[in-house]
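Before any questions on how it binds or moves, here is one chain, the form predicted alone, in structure tokens.
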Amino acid sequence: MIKNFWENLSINQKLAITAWVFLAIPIIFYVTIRFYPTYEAFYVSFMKWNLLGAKKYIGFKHYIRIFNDEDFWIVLWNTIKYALIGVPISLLISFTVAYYLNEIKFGHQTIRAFYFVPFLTTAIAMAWVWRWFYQPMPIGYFNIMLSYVGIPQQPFLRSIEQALYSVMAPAVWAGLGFQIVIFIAGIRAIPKSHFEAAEIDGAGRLQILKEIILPALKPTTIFLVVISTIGFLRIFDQVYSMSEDSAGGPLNATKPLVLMIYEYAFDIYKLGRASALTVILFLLLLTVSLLQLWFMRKQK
């Protein structure tokens, strides 16, 4: 019966069925691993639940308590600062390195591999190495270097003003390798005829950069801006490993939303509050990503 059914189908129908069969596995994966947990987070955010007892519907009480919590606004601003400062700095550094690295012929592959190694390094191991760098003298490498040039040692992770930027630095450093590789690929995808025509017309280096390279890299830049923003808004590993008592200290100076969600879910078992924070983070990521895509495409 199945054989007769298959034989009676047209070629287009057979191709469509074959395509859906291959698509079934990723669709099932996304429905069970991605979409269902997202739905469950929205559902649990309206419940009072400590993981062991029964769920109790309480409406928008979690959201009201969150918005009335001063710590939430501190944490939200920290999260936004990670993205507002980290994304432009990382993209500027990675593009600059990619622009000049692309012109290097001898040892290009080796140098590019060195830049990419931090991206492959475990975030926890990398964070602990940087935490060691930030220690006071005579242990901390950065304070030792500062002492050589006559600058007093700095508190770094122990300072309310410096802690967030100290945590942000290794996060920026870790993502440079990926961004550099993508930028180099974008630059090399530009047809060489564009550069040859510009040189014949007498265009200078700066003019070629402004009129040819940057416009051609706009799709690449859009991709990296969105990906980097999502990464910084979801920062967790570096903060958890480097901050005081793994709690986003001192005085919540480095705590992002993801760490706050973790604490509510796994430290005090308030799953409803954690789910509400997850929904807020999801809406923040969605809004920022859509705005960035709209703005960047509008510039075309």
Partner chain sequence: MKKIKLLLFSIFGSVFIFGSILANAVEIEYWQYTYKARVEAIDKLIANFEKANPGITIKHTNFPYADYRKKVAIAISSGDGPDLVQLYYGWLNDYRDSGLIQPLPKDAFSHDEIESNFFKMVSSMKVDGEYWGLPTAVRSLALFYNNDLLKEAGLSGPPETLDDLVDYAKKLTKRDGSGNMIQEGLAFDGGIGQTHHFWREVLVRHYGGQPYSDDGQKIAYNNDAGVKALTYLTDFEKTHKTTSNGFMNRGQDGFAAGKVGLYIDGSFRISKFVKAEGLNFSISELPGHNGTRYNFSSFWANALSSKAKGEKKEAAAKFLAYLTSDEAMQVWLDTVGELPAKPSVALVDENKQHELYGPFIRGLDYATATTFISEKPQRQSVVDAYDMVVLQGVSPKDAIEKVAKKEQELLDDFFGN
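Here the structure is a predicted model, which means the values were calculated and not measured. Positions refer to the first chain, counted from 1.
Keep in mind that the form predicted in complex with its partner chain is missing from the display, and what follows is about it.
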| query | finding |
| --- | --- |
| Stretch in contact in the predicted bound form with its partner chain, which is absent here, among 128 to 136, 188 to 196, 92 to 100, 201 to 209 (heavy atoms within 4.5 Å) | 128 to 136 |
| Proximity of Glu40 to its partner chain in the predicted bound form, heavy atoms at 4.5 Å | no |
| Its partner chain contact in the predicted bound form: Arg158, any heavy atom under 4.5 Å | yes |
| Non-hydrogen atom contact Tyr262 with its partner chain in the predicted bound form at 4.5 angstroms | yes |
| 4.5 angstroms heavy atom contact with its partner chain in the predicted bound form for Leu51 | yes |
| In the predicted bound form, the residue from Thr121, Gln153, Thr221, Gln162 that sits within 4.5 Å of its partner chain by heavy atoms | Gln153 |
| Heavy atom within 4.5 Å of its partner chain in the predicted bound form - the one residue of Ile268, Val31, Ile58, Ile64 that qualifies | Ile268 |
| Partner contacts for 213 to 245, taking its partner chain in the predicted bound form and a 4.5 Å heavy atom cut-off | Glu244, Asp245 |
